[in-house]
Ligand SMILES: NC(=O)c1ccc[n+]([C@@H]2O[C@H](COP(=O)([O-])OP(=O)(O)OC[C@H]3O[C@@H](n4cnc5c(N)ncnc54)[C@H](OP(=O)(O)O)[C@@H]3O)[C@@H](O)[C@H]2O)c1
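Shown here is one chain on its own, the form predicted alone, set out as structure tokens.
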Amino acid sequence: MKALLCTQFGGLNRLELKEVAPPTPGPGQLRIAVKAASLNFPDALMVQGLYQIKPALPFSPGSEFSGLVVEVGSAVKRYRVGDRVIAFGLGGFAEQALADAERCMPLPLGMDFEVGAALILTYCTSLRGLKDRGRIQAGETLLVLGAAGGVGAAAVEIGRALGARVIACASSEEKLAFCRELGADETIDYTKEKLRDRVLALTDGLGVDLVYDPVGGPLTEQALRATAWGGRLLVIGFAAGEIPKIALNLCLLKERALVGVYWGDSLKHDPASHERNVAQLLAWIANGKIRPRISERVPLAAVPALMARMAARQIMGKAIVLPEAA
């Protein structure tokens, strides 16, 4: 089978497309024929050795994917060969991949493989952040940084579904138009406008209640300064490549709070919340409140170039990898 392999940490151009033997599942694992996988920012960081988790080499990136079960581990009871599943873990950029059964879920009836592959990581991260960590309430104002990217776009949709007023921030008019299609109430181009000043103008000087920040860098402090009394800033990630250092007196003033969001690790600490959130996401998809926006589809050979574009923040919504495509 074909697999895109990282054999050494470093540049994205070091990824290699190779023929390898199909993997053998352990007792609690599934072997899955991958029909679609989605690219996420942590995939690019992981290949470069910049993510908080460093897999053993060699490995195939691709942290969420969907497909058909082709082999079941001896201890797995819930799944059978031929089942359609969504999986998250590692290895999705290959024609076949392993996944722990506890990190899989049935692909809902009527949902295609591409939507299934685009659903879990970004939407679960955003719902975990907004609802469980940010405690957002209907009628509050939400500021989303990097709003045209994968998790940012999900946050715009989920914020609207939860009844918030959403201000979406991005770096071009094309991206802002995309955010308006997602349902953003207001938009800010932070390459042309001073973020804090524009936010205060849009909120009658009060500031926003919650900031969703997957970007980091200098925008974090600007966004924190634009929060209202009791405002919260969700630390999602650092797509700008810089982890900001915040003066804590900014938290003391107006009783602001910095709140970390690490969805992947929350699964073992709060699995019940994850199950509730997945059920909520599926209900929203069924009634049309959210829908993953797939901007492009590529074969395995095109993934390194796609990763480079993601690292440069040039992708809107979700990009899908099709391992079986030529």
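Start at 1 and count along the sequence shown; that's the residue number. Computed from a predicted structure; not experimentally measured.
What follows is about the form predicted in complex with the ligand, which we do not show.
- By the 4.5 Å heavy atom rule, the three marked residues L121, A240 and A311 all count as contacting the ligand in the predicted complex.
- Listed residues P214, G159, G134, G92 were compared with the ligand in the predicted complex; P214 is the one with a heavy atom within 4.5 Å.
- The partner is absent here; in the predicted complex, the one residue of A184, V151, V199, L142 having a heavy atom within 4.5 Å of the ligand is V151.
- The chain is drawn here without the ligand; in the predicted complex, the stretch among 224 to 232, 67 to 75, 121 to 129, 251 to 259 whose residues come within 4.5 Å of it by any heavy atom is 121 to 129.
- Under a 4.5 angstroms non-hydrogen atom cutoff, the ligand in the predicted complex has A170 among its neighbouring residues.
- Taking non-hydrogen atoms only, P55 never approaches the ligand to within 4.5 angstroms in the predicted complex.
- Although the partner is absent here, G28 lies well away from the ligand in the predicted complex, with no heavy atom inside 4.5 Å.
- At a distance threshold of 4.5 angstroms between non-hydrogen atoms, P42 is in contact with the ligand in the predicted complex.
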